[in-house]
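Below sits a lone chain in structure tokens, taken as the form predicted alone.
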């Protein structure tokens, strides 16, 4: 622990693992620190699945980024020698006819502009093609074949294995207490065990814990928890591709999204991408409440009646590292030289995983990358609203 590295990366979630691998590829001597176990059970990256979707309403910048990321997911499947990204397609449903300004309409139009081929679906077509859905609830929507889900926890584990094989030192059981700074220059990190790790650059990939390590970010970054449900399913064929796909259910107005039958966990996972509740990452309770389950059951009864009474196998409250404006936060510290922050996933970063390492490495090295401009260190007024189009804001 007294050794000196070129870069110390703190946090072995999806940000940290991809950053460590990319910086190593660029010739840096990297150490990756995490409290462990990896994947950390409290980290946002952890769970059986995360949605991979190009659709971002009118935001063509994110759409292009995820389009490139999906190509990266396919390369990763080849590199890993197993399918951890499942291209089941994505079904985006609307209770009303899609109209300008709506999430589904704007996403559909941007896909067409990009040369993609989303398939428009009316109520009859939704019912015929995806029969698990109640035919009287969704009037409009589309299916887009380029998209699906990634087995998130397994992805992180696989990336860590890749890091170790490549010679990156991965140290579990290490909790960082603070960044060590000398005359406004980051010199490494100090651990809660009283040890120091010295490095020429420090990259904080600490998710919801970031504002506690850097209090200057507390006005613009907060931690929110969102309910996740794993449901027992006694009709796996009905809820498997191609008869069922990753879905959003009028998401900007409801928050509900979910997945087809999981090939390993043997459950159907449903979550809510909404307002959430404030959760302290260190001490807050991450429990799904009785009211959360009531809302889930109401949604299922109205939309997916075959799951309305399905037993719950597992629940968790997924922690978001939310920025006030909903955009990622990947940039060098404006006052402390040698310190880079990569956080603020805001509940939608994992899908970009194959692109994250390059973005973080470019930020640390000041390598020009036009995509970093929206993720820069920035001042945000307290009343700033999230601009992520799929998010339900209440």
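Positions refer to the first chain, counted from 1. Given the structure is predicted, the values throughout are model-derived calculations rather than measurements.
Just so you know, the form predicted in complex with a small molecule exists too; it's not on screen, but the next bit is about it.
In the model of the complex, the one of 40, 332, 28, 327 near the small molecule [non-hydrogen atom within 4.5 angstroms]: The residue from 40, 332, 28, 327 that makes the contact is 40.
What is the one choice in 304, 155, 319, 202 with a heavy atom within 4.5 Å of the small molecule in the model of the complex? When the small molecule is considered in the model of the complex, the option within 4.5 Å is 319.
Are all three of 34, 175 and 348 close to the small molecule in the model of the complex, meaning a heavy atom of each within 4.5 Å? Every residue of the candidate spot has a heavy atom within 4.5 Å of the small molecule in the model of the complex.
Exactly one stretch in 57-65, 44-52, 333-341, 362-370 has heavy atoms within 4.5 Å of the small molecule in the model of the complex; which is it? Going by heavy atoms within 4.5 Å, the stretch is 44-52.
State yes or no: in the model of the complex, is some non-hydrogen atom of residue 10 no more than 4.5 angstroms from a non-hydrogen atom of the small molecule? Residue 10 belongs to the contact set for the small molecule.
Mark residue 179 yes when one of its heavy atoms lies within 4.5 Å of a heavy atom of the small molecule in the model of the complex, and no otherwise. No, residue 179 is distant from the partner.
Does at least one non-hydrogen atom of residue 221 fall within 4.5 angstroms of the small molecule in the model of the complex? Residue 221 lies outside the contact set for the small molecule.
Is residue 111 close enough to touch the small molecule in the model of the complex, meaning at least one heavy atom pair within 4.5 Å? Close contact is absent here: in the model of the complex, residue 111 is far from the small molecule, nothing within 4.5 Å, heavy atoms only.
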